[in-house]
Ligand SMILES: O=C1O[C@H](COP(=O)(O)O)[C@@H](O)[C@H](O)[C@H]1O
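Okay, here we've got a single chain as structure tokens, the form predicted on its own, with questions on binding and movement later.
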């Protein structure tokens, strides 16, 4: 796994703009190299703001949206179109504004599909397996970019501290009893997250500062601090605003500020 690099921006608005620019650049580079690219989306305030900034960017059309696979790190187990679903927010902010191939938009299905949460997770795991290539050496693709938000408790995706999903090695898992509503969710598991080429943890706000410090500490474990396990194969970025970075020790030595 890669060692995290930390980039600090002035505020949440600037953070969303900067992450959007990074996403566009990374996808264009990946498509130039191999013809297609893969992106894992996250929800949350900054995650959705980032997607809106991508949609608003004059550079967005540099991305070949028809040759992009779009996945989600987690989803609330709610019916299609529910405003609390990450998919709903992503469609409104970005996907409805670009020419995506719907066959390459990989949605985590909700209860209106007739599936239970376990069946939905199993179906997503199978979709991940089908998309994996031999060179990925895993039952899921090695995503070009996997975006993650982070909670004040240091959870990422829907992997909450000390919950059973953190021990699960299947590609996707149903999560019950989430400490944040709604209680039932679908999430990628830690092995899939760690199999991504690049993992970008995006966080803003003073309420995240303690979690950021723990996530970057060398002695933190991913069961107690899930964000401490959010590491990519080739690159890991913690993209932060000043408030969320306020408690990072000066000794870290890996901080840059544009």
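Quick caveat, the model's predicted, so the values are computed rather than measured. Residue numbers count along the first chain shown, from 1.
There is also a form predicted together with the ligand; it is not shown, and the following applies to it.
Put simply, of 40, 216, 46, 68 only one has a heavy atom within 4.5 Å of the ligand in the predicted bound form, and it is 46. Exactly one listed residue, out of 161, 111, 151, 139, brings a non-hydrogen atom to within 4.5 Å of the ligand in the predicted bound form: 151. Under a 4.5 angstroms non-hydrogen atom cutoff, the ligand in the predicted bound form has residue 180 among its neighbouring residues.
Although the partner is absent here, residue 86 sits close enough that one of its heavy atoms falls within 4.5 Å of the ligand in the predicted bound form. Taking the partner from elsewhere, residue 157 is found to have a heavy atom lying within 4.5 Å of the ligand in the predicted bound form. From the list 143-151, 166-174, 88-96, 114-122, the contact stretch for the ligand in the predicted bound form under a 4.5 Å heavy atom rule is 143-151.
Although the ligand is not shown here, in the predicted bound form the stretch 64-101 places heavy atoms of 74, 76, 86 within 4.5 Å of it, in sequence order.
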